[in-house]
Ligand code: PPE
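Next up is one chain by itself, shown in structure tokens, the form predicted on its own.
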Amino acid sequence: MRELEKIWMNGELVDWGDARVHVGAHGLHYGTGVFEGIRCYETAKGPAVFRLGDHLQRLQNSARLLYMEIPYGVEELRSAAHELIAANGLPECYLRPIAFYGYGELGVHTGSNPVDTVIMSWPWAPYLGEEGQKSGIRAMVSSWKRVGPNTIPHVAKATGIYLNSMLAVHEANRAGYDEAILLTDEGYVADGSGENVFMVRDGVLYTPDLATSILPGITRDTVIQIAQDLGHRVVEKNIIRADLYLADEVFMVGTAAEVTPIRSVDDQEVGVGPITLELQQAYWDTVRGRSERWSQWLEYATRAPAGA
């Protein structure tokens, strides 16, 4: 991670090295936090944040499911994000808002602990690599199952839930694969460790239903809307691992991963197909301001002049 000048923390910009929390913070011990991943892209009109309001509203929804009240509303966090982008002066960056229970009591119950709220930003290349976006990645079905909807609220983008994802991606990487795909206890495809999954068969796009313990991904929603607008049929349904093996195309989507093809699943070759590449290009054209068709998703930021 490249260190920048500032981090927004609890209502003010602080120097990067001064953004610290106590080792007794509740969120550190129990994973009681919520977060978002947001990208700001360089465009011809300047830095543009993609679906900022939607991400910040999901942050608030995630907090609500954890009985957490973030002390800043969506509009306050929106202003903070713009302030941070301007302060760090980058044409393109990744934004990480996070809210977590801070230092106070250390029982399992959060008690009266304060909620610390932070936004970081830094440059971040495609999560699964530029080569992966071009040639596709190798994925494996993990032995770790996705947590059930009545175990932890899967629609919350909560820090503690990602232990499930961490185990899966470690297993995949140790076995020589780029990414993991998790199944539900019933054997249905859920998602990747940090991405939603799509497959194409006979020209139709399929993606797991939200009931399969997956995060309601904002990039997932984006790709569904783009695909439908381009004339493709999209079906949300239960998918089994054999469906992935027999698919014409498989790809992953997420803010960090963007649109990344999967060229093989469990060493079953799939390849990189034309619909995946079409959607990938449409996505890139949208987030970089080269297409007006879905321009409503872009929010242009003000960048501080160099040396300011």
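These numbers come from a predicted model, not from an experiment. All residue numbers are counted from 1 along the displayed sequence.
Keep in mind that the form predicted in complex with the ligand is missing from the display, and what follows is about it.
For the three marked residues, H26, G31 and V115, no heavy atom of any sits within 4.5 Å of the ligand in the predicted bound form. Looking at I70, you'd find every heavy atom of it more than 4.5 angstroms from the ligand in the predicted bound form. Although the partner is absent from this view, Y103 stays clear of the ligand in the predicted bound form, with no non-hydrogen atom inside 4.5 angstroms. Taking the partner from the other structure, the ligand in the predicted bound form has no heavy atom within 4.5 Å of any heavy atom of I275.
Although the partner is absent here, S62 sits far enough away that none of its heavy atoms falls within 4.5 Å of the ligand in the predicted bound form. Checked against the ligand in the predicted bound form, the candidates G136, P208, G217, P97 yield a single residue with a heavy atom inside 4.5 Å, and that residue is G217. Heavy atoms within 4.5 Å of the ligand in the predicted bound form map, among the stretches 198-206, 170-178, 75-83, 219-227, onto 219-227 alone. Within 4.5 angstroms of the ligand in the predicted bound form, the stretch 99-135 places a non-hydrogen atom from each of W124, Y127, taken in sequence order.
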